[in-house]
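There is one chain below, alone, in structure tokens, taken in the form predicted on its own.
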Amino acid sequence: MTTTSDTAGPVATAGLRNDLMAAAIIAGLGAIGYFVFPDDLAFLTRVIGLAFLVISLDLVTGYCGVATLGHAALFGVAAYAAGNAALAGITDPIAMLLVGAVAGTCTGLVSGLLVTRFRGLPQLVLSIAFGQLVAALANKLSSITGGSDGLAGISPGPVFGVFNFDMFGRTGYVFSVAVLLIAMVALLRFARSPFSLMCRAIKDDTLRARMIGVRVYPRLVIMYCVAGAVAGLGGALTAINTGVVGLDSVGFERSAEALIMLILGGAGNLWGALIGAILFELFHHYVSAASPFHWMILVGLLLIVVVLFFPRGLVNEVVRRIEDFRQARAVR
């Protein structure tokens, strides 16, 4: 008879192997970006910040089935909090990240308490209303946010007191890759936890989850808080690297773009969220440069193609085909 202790060892080993592989992949991609695209480090750093927002959205939408179009509020509030912390004298980048994560968690808590009480269209409308409320407050509270001019003058101190942020974006890029690596490994472990698996069960069949005694609402609120912390890291990173926070960071367009990136990569898969953010921003960057007046048309066509032929997202489709291939080989 196989016991729990007999299976715990191989499962832990497989988890550790996956974590090391994830760290190696992100470090490898980061090295490619640093050495192959040295003139685009600022752009790549921006992509990393947005990737945190998409990963955060995946936690509530892909893992819990929560429909939201106001997720940028978590990202933007954290960016403003980190920026104000820097202006108040807290210039250590890691302290700014913590400020952003806390602000994102608090915003996620408020948003989660409101949005996850409902399902379907009411949930979507509430998420939009929350996002618009935050955007309107950001515009009105100019003493805190800078209003339409944005919050400027954010000047982070050196990383660990040694590495100054340079005008070429090298320090900011390496710092962002390191934060992404640590966060991604932690989130992949979190995604394998019983808590996350239960959230997936809630997404698949909420009624059945309630029937077996699962407390749905508190779990969704907790997941929203975790997502807020992740979005907060992205917002703080953006404030640290750009030195300015604008109204676009909390706008509806930012939320909609994040959802597009998630659909492109594949919901319910953290790698899908990350790859979707990278692919969309690369497409946006190069296509808009080549055709500044028609790139939105091309984005629309790309999305139509993806939804028609890869409805589960590019990464999920690749994973499915690899699994089919393995099963076919096993049958032979």
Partner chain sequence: MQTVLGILPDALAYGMVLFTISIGLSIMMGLMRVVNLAHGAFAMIGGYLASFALVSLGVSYPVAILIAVIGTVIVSVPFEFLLYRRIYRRSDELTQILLTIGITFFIVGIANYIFGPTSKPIPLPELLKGPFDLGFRMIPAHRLFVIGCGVVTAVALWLLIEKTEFGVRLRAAVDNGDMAEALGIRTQVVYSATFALAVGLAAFGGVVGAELLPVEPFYALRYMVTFLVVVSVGGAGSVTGALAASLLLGLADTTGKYLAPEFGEFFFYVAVIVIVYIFPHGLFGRAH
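Residue numbers count along the first chain shown, from 1. Take the two forms, find the largest set of C-alpha atoms that superpose within 1.5 Å, and that set is the rigid core. This one's a predicted model, so the numbers in the text were calculated from it and none came from an experiment.
Unshown form predicted in complex with its partner chain; subsequent notes refer to it.
Remark: P122 counts among the residues lining its partner chain in the model of the complex, judged by a heavy atom distance of 4.5 Å or less. Using a 4.5 angstroms threshold between heavy atoms, F190 stays clear of its partner chain in the model of the complex. Contact annotation: F293 falls within 4.5 Å of its partner chain in the model of the complex, judged by heavy atom distances. Using a 4.5 Å cutoff between non-hydrogen atoms, F130 counts as a contact of its partner chain in the model of the complex.
Just one of I297, A27, A42, L282 comes within 4.5 Å of its partner chain in the model of the complex, counting any heavy atom, and that one is I297. Exactly one listed residue, out of L113, I94, A186, I90, brings a non-hydrogen atom to within 4.5 Å of its partner chain in the model of the complex: L113. Using a 4.5 angstroms heavy atom cutoff to its partner chain in the model of the complex, none of V177, R200 and R329 count as contacting. Residues of just one listed stretch (94-102, 205-213, 229-237, 131-139) have heavy atoms within 4.5 Å of its partner chain in the model of the complex: 131-139. In the model of the complex, the residues of 37-72 lying within 4.5 Å of its partner chain by at least one heavy atom are, in order, T61, A67, L69. P292 shows a C-alpha shift of 2 Å or greater between this form and the one not shown [criterion: core-superposed Cα displacement of 2 Å].
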